[in-house]
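Given next, in structure tokens, is a single chain: the form predicted alone.
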């Protein structure tokens, strides 16, 4: 089974790329982030024509997540628990049946948090991460395969960015951000890419500005975090970097995990 996370950065603007990639990559489950579309405007017909089931949790203009899958999920939950007043569409969970039992897959678009001195944005990021930690802890108690897939807007380690000094004051790399990410990991989750490769640098995002792609000035912020039951079935991970060179690309690229399900 191939499970992929990809921040598409506007699904309607990238629908041609998305469809071409679905045909080429042939994933089983895709977690999209930053779809920037309300549910009723999501281009589901084009995707369904390729044999995928579509579930969305959209929002006008920004944010929004979706899960595409070759088989229909048994259940879908929209919104991260812990704050009923949070109206931002950043989280979906779907449960799928496989020949080897159920698997839970979440599509996550974690808040950016910049600028970090903003009285709302960075505290919201940290509070959201605390909610994600509580959710993850509760799901671990089920002792089921769980994949927390998404754009975390977290650079975990210095070798996950091209120039650590350039990111020192950024919300993606601040000590409190990395500590919050580590708390989630320390619950018992495995960073799939680092579990399958020690190679550095490995990036998943290149800014549109300053020739970042051409210079390979990237960062790694798109992660597949695995429960022990999912990690035990992980075979390999691939960063499909070539997609960044396509016309009208997203600034993120797909990160694919291959599992024995």
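Positions refer to the first chain, counted from 1. Just so we're clear, the structure is a prediction, and the values are computed from it rather than from any experiment.
Beyond what is shown, the protein has a form predicted together with the DNA; the following relates to that form.
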| query | At 4.5 angstroms, heavy atoms only, are 121, 151 and 221 all close to the DNA in the predicted bound form? | reply | yes
| task | Please determine, with the chain shown alone, which of 28-36, 49-57, 193-201, 66-74 has non-hydrogen atoms within 4.5 Å of the DNA in the predicted bound form. | result | 28-36
| If you check 129, 136, 94, 172 against the DNA in the predicted bound form, which one has a heavy atom within 4.5 Å? | 172
| request: Would you check, heavy atoms only and a 4.5 Å threshold, whether residue 90 touches the DNA in the predicted bound form? | output: yes
| message | How about residue 242 - does it come within 4.5 Å of the DNA in the predicted bound form, if we only consider non-hydrogen atoms? | response | no
| query | Heavy atom to heavy atom, is residue 45 within 4.5 Å of the DNA in the predicted bound form? | reply | no
| task | Please check if residue 229 has a heavy atom lying within 4.5 Å of any heavy atom of the DNA in the predicted bound form. | result | no
| query | From first to last in sequence, which residues of 107-136 have any non-hydrogen atom within 4.5 angstroms of the DNA in the predicted bound form? | reply | 109, 112, 114, 121
